[in-house]
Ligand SMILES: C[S@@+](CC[C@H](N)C(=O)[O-])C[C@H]1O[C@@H](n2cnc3c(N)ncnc32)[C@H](O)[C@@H]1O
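Take a look at this single chain in structure tokens; it is the form predicted alone.
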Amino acid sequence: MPTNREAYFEAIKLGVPKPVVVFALCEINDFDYLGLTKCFDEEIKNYALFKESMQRYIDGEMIEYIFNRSYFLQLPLYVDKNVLIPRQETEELVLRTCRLIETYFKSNNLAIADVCSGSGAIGLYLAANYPMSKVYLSDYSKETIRVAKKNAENLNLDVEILKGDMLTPFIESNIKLDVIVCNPPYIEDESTIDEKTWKQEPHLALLAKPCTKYYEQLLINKDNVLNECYLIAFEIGEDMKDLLEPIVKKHCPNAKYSFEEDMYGKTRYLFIVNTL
């Protein structure tokens, strides 16, 4: 049985990127990165699985789907092809949302919703960081709901998971919210999606025609679920500011709003705040 070091360099020679090899070795050995460095010269636990996973990656499969594992701000999540793999941009959305919560709300005893929750990454992180708050996850797909429930159980986080389109389950249940975080589908032209993503990730979570469809749907119905003082945080497509701004002005005339850039200088976030 080869060592982790030998397996690592074997995969590198095949052209597998270093972060992917490290991810696989950590999953197979049940290590974090520090554990892997300490045991780099020990025998790999399952060499056959390592070889299989590297070949599947070379054949085009995403490493997160191979191991049914992704990490979101260090939260370990189960993922399969019913949900998107969480992105770094969404991590940044959540961190900015946390800063705004701490700026505008005196209490951490809030009602927070992760709408279009997918794997539950956003809502579960917020539940872990605001344990005094009531956190809801909602999504339209029963397969997606299954994944979110699995993650909530694995992380032992107390959240309520609702099935339904956008704000509909909250309206039907007469639930009032302080904070909504939403990363909805927003890609209008499927030809702009890279081939690997298109072949593996769920189209329902990617496509919207028009691209503003779900943003406007949420804002039209917001007054049915939001308290007077509220925060809405959206992830958006980098070219959507000019399309979304008139919608925000129409449906949130008294609120403050800001479009913000991600770490790459692309406009990827929309925050809407209404204060007392």
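Bear in mind the structure is a predicted one, so any value in this text is a computation, not a measurement. Note that residue numbering begins at 1 and tracks the sequence as displayed.
Not on display, but discussed next: the form predicted together with this ligand.
J.: Can you check 135-143, 104-112, 189-197, 148-156 and let me know which stretch has heavy atoms within 4.5 Å of this ligand in the predicted complex?
T.: Every other range fails; the passing one is 135-143.
J.: Is every one of P76, L124 and I161 within 4.5 Å of this ligand in the predicted complex, counting heavy atoms?
T.: Judged in the predicted complex, none of P76, L124 and I161 sits within 4.5 Å of this ligand.
J.: Is L204 a contact residue for this ligand in the predicted complex, using a 4.5 Å heavy atom cut-off?
T.: Output for L204 is yes: heavy atoms within 4.5 Å of this ligand.
J.: Does L177 reach this ligand in the predicted complex, with heavy atoms at most 4.5 Å apart?
T.: Contact with this ligand, no.
J.: Although the partner isn't part of this model, could you tell me whether M166 comes within 4.5 Å of this ligand in the predicted complex, counting any heavy atom of the residue?
T.: It does: once this ligand is placed as it appears in the predicted complex, M166 has a heavy atom within 4.5 Å of it.
J.: Does this ligand come within 4.5 Å of any heavy atom of F31 in the predicted complex?
T.: Heavy-atom contact with this ligand at 4.5 Å: absent for F31.
J.: Pull the contact list for 83-106: residues with a heavy atom within 4.5 Å of this ligand in the predicted complex, in sequence order.
T.: Counting only heavy atoms within 4.5 Å of this ligand in the predicted complex, the contacting residues of 83-106 are L84, P86, T90.
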